[in-house]
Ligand code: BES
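Only one chain is included here, represented as structure tokens and corresponding to the form predicted on its own.
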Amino acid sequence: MVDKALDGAITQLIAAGEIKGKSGELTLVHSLGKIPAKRVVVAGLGKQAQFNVDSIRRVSAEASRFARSKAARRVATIVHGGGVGGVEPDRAAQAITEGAILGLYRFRRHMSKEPDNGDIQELLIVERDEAKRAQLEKGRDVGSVVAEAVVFARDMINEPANFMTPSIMADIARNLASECGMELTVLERPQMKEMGMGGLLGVSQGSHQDPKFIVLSYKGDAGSPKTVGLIGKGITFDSGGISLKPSEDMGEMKGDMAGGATVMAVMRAVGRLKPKINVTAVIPATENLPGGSALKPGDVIKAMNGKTIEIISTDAEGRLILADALSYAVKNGLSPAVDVATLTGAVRVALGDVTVGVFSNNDELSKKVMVAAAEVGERMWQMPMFEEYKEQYKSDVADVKNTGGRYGGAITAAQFVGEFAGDTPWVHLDIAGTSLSKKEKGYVVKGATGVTVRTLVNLIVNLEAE
């Protein structure tokens, strides 16, 4: 219809080879008053055989950003994939909504200068078939909730460490609990000591910021004794402690609380979608800094479940706070349990900045996580967890030591964390390679990505359906 109204302009551009339909290709056509819209963007969707829902999400993001760069304020779009793509209307609308919101994201809280181009005020999804309206609205609503949860995580992760302390994380959780009708518990140092949380207390020793142990609980099925546990690493700044990191790129360590932000964002989405399932998020939050009272290499600490840990490197601190968090989850009957953490540089060496590492003690649960990830277009890969790796972190002076050496570092770190899961079905997601992006691509923008938020929301929805 648009091509016809433009006297075949799009067809002519295709014939001339200017429009090829490649994925990511965007072509601007001026309407010159022939239709109410002043400009038309023709977006390439790629080969039909490779087209999927994630293609819709990606093109929605890129086209929205392109339109913003041309100072557009109101944008209308067809239902991508609703025709020959064969995508259900609700899924297409959800992907369009998620793509636009995530692709247009920018973090400007600390900038005084206004951006060159203002924000797009309205995105209108156009569909002539009135029978599809209810499905489209449903998809739009879910897409908004999920994308806004990712934005919530991105905002937290992008904040400088002086604006995202453990106490501020606890305040955000407090607001979240109030908005979404959830239960909140925040444990302070005395309670941590009483419960024997030597991992979290040990890591926090070098910082002037008080550690916080944050527990957010959503009760969607009061009659069920089962509660899904989400555990997120909350190191609000990681200097490495006494085992000090190199100064280059240390500023990125403000994002070492990405796991904590992720599970809080998932709870935000859960609080709005209101699935009939119980979910509890556990976030151990602290800074990891050097100081006169800081944890030292060679020290021995005791985790909440009684296991003793020899400290080889104070820069292997995430697994120490997760040890207490998982012990707490197991003690309180949270099952299955999924932890999310920017845990190791080794996972980035293994999988780059494209893929999340998946580690588990339970094949059935790991398959569910992988399916949930595939459905939302997040790339994950399951890593081996063979018993032989455990030899690497055996200690001569304690039950375990907190590093297993250079080789297989992502695996030995995951297995160390798994020591505190016991028999509880557990999955560990190492997002150290994927939590930040240095470039724009599709619905991922520079800075925090909010990776695994959409996967975990989808996992909760799928578990509810079971």
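Note that residue numbering begins at 1 and tracks the sequence as displayed. Predicted model only: the values in this text are computed from it and were never measured.
Form predicted in complex with this ligand: not shown, discussed below.
**Q** Can you pick the one in A346, I157, M192, V228 that has a heavy atom within 4.5 Å of this ligand in the predicted bound form?
**A** That would be A346.
**Q** Which pick from I56, A67, A432, I411 sits with a heavy atom within 4.5 Å of this ligand in the predicted bound form?
**A** Of the candidates I56, A67, A432, I411, A432 is the one lying within 4.5 Å of this ligand in the predicted bound form.
**Q** May I ask you to state whether V150 is within 4.5 Å of this ligand in the predicted bound form, using heavy atom distances?
**A** It does not: once this ligand is placed as it appears in the predicted bound form, V150 has no heavy atom within 4.5 Å of it.
**Q** Taking 4.5 angstroms as the cut-off for heavy atoms, does T403 touch this ligand in the predicted bound form?
**A** So T403 counts as contacting this ligand.
**Q** Does A316 reach this ligand in the predicted bound form if we count a contact as any heavy atom within 4.5 Å?
**A** Heavy-atom contact with this ligand at 4.5 Å: present for A316.
**Q** Indicate whether Q94 is a 4.5 Å heavy atom neighbour of this ligand in the predicted bound form.
**A** Q94: no contact with this ligand in the predicted bound form.
**Q** Out of the stretches listed (202-210, 176-184, 292-300, 252-260), which one is close to this ligand in the predicted bound form, meaning heavy atoms within 4.5 Å?
**A** So the stretch in question is 252-260.
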